[in-house]
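Just the one chain here, the form predicted on its own, laid out as structure tokens.
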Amino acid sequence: MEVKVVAEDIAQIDADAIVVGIFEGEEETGGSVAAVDSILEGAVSALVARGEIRGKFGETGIVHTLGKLPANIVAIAGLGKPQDFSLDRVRGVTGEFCRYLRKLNCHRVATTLHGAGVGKITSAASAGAITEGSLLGLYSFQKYKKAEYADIEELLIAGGKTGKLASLEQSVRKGRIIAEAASLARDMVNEPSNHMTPGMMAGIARDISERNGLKCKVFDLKEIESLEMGALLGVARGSNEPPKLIKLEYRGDEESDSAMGFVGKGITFDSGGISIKPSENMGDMKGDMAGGAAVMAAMEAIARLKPRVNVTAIIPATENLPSGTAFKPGDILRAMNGKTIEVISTDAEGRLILADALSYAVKEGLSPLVDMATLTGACCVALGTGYSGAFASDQGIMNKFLQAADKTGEDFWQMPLPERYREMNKSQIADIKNTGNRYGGAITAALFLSEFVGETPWIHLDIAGTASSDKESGYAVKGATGVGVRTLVELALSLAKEK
């Protein structure tokens, strides 16, 4: 879909539909709504008075113009309560009305700058949020089936003055780049595991590097063996698909030798291994590489936005399957940093491959480090499906990350890392075991990972509950969410501004 900014009055735009917004509780229309209402001889205000249009967040009402306006339909988007309004609500409202109008066979849609002037929301910020919300809200994975509806082809953002169009267009470009990156991550996670193997993930990384001038290195089995990544190799033993260690490098600050690191879990299918999962819903485990997908997609957006910062992404990729060669409960693996790990459950494999990836990142001198993984069901129990868990060894970098998340509207909740919980990970026969007891599982998993980062400032993000959605809401759709992509990009942009 093409998104354009136009210096036109919304009421004069020739489109299948134009969109204006009202807040919940508004008794009188104003601004663009009032102008449209006047031309329609009070049709909008009459529906508001009758309670058919209430302004509740996410609701969309329509009025047919019957030739009184160039547009066929006026859609009235509910903006919710003014005190609750935010940029993320702009994204959500846009996603809702775009899907609604797609079902009405609208191909050319125009909208006002929702929320511009409300609180601290600028016109440029609104334009960027509308772009993100529309592209993410209309996302659908149709590679293997015919689309149910024809897509909106053009979205016009009206209300920009001619002298300010350049600023709005810049925000639209940024919004598009970020939305396309999140959509790339969604595509990767939605792919079936027979089409998203470790080798295929590596192929996508190479494509990203070629499109954007990134440096890409894919380590094969022999190279992983030479790095002595015994934990990654142990998990990979049960599969016929050879493991890959993917490395993508972006250099936006040639004056600096330092680089931050993004590490993403890339289990392209997780059966649980010998500690096999129940068969019900096992097919969803194709998405156990959502962290790796998010990291790779974020690198593409960063490369396109070109911030003055250096970022390196590390993605360990493998399948976790049971076979005659698979690793077993009771085995001891040796990670790249030399630590020995007693395997209690082969279904706690994500932390094993991350152990080697984090060890490699530390060896490469990457700092700070952010890892992202669909790591534990325990995090879902603790936080549900609305929040990702966030753990950190350094509160300073965590504060910057949470500020970035606040800007993107992605919900992360900081969790504790109590030293006394390390006791649960102690092994009698190795340096550490790969699971604690049944309590505090998300915390003990994070503490396990902390054993492989040393003194490097580090954040761990557990996205097990948020990597997919079972319903449409705002700019989220059913299936993969692309969670984390937008916040990683915003973090990189914010750190670049500090220089």
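This is a predicted model, so every value here is computed, not measured. Throughout, we count residues from 1 along the sequence that is shown.
Keep in mind that the form predicted together with a small molecule is not shown, yet the notes after this line are about it.
Query raised in the report: With the small molecule left out of view, which of Asp270, Glu300, Glu191, Glu96 would have a heavy atom within 4.5 Å of it in the predicted bound form?
Result: So the residue touching the small molecule in the predicted bound form, by this definition, is Asp270.
Query raised in the report: If you check Ile459, Ala464, Ile53, Val33 against the small molecule in the predicted bound form, which one has a heavy atom within 4.5 Å?
Result: Of the listed residues, the single hit is Ala464.
Report task. Spot the stretch among 412 to 420, 340 to 348, 193 to 201, 307 to 315 with residues whose non-hydrogen atoms come within 4.5 Å of the small molecule in the predicted bound form. Result -> Answer to the contact question: 340 to 348.
Requested in this report: State yes or no: in the predicted bound form, is some non-hydrogen atom of Ala185 no more than 4.5 angstroms from a non-hydrogen atom of the small molecule?
Outcome: No, no contact at 4.5 Å.
Query raised in the report: Does Gly283 reach the small molecule in the predicted bound form if we count a contact as any heavy atom within 4.5 Å?
Result: The answer is no: Gly283 has no heavy atom within 4.5 Å of the small molecule.
Query raised in the report: Do Ala405 and the small molecule share at least one heavy atom pair within 4.5 Å in the predicted bound form?
Result: Judged by the heavy-atom cut-off of 4.5 Å, Ala405 is well away from the small molecule in the predicted bound form.
Query raised in the report: How about Gly117: is it within 4.5 Å of the small molecule in the predicted bound form, going by heavy atoms?
Result: Because no heavy atom of Gly117 falls inside 4.5 Å of the small molecule in the predicted bound form, the answer is no.
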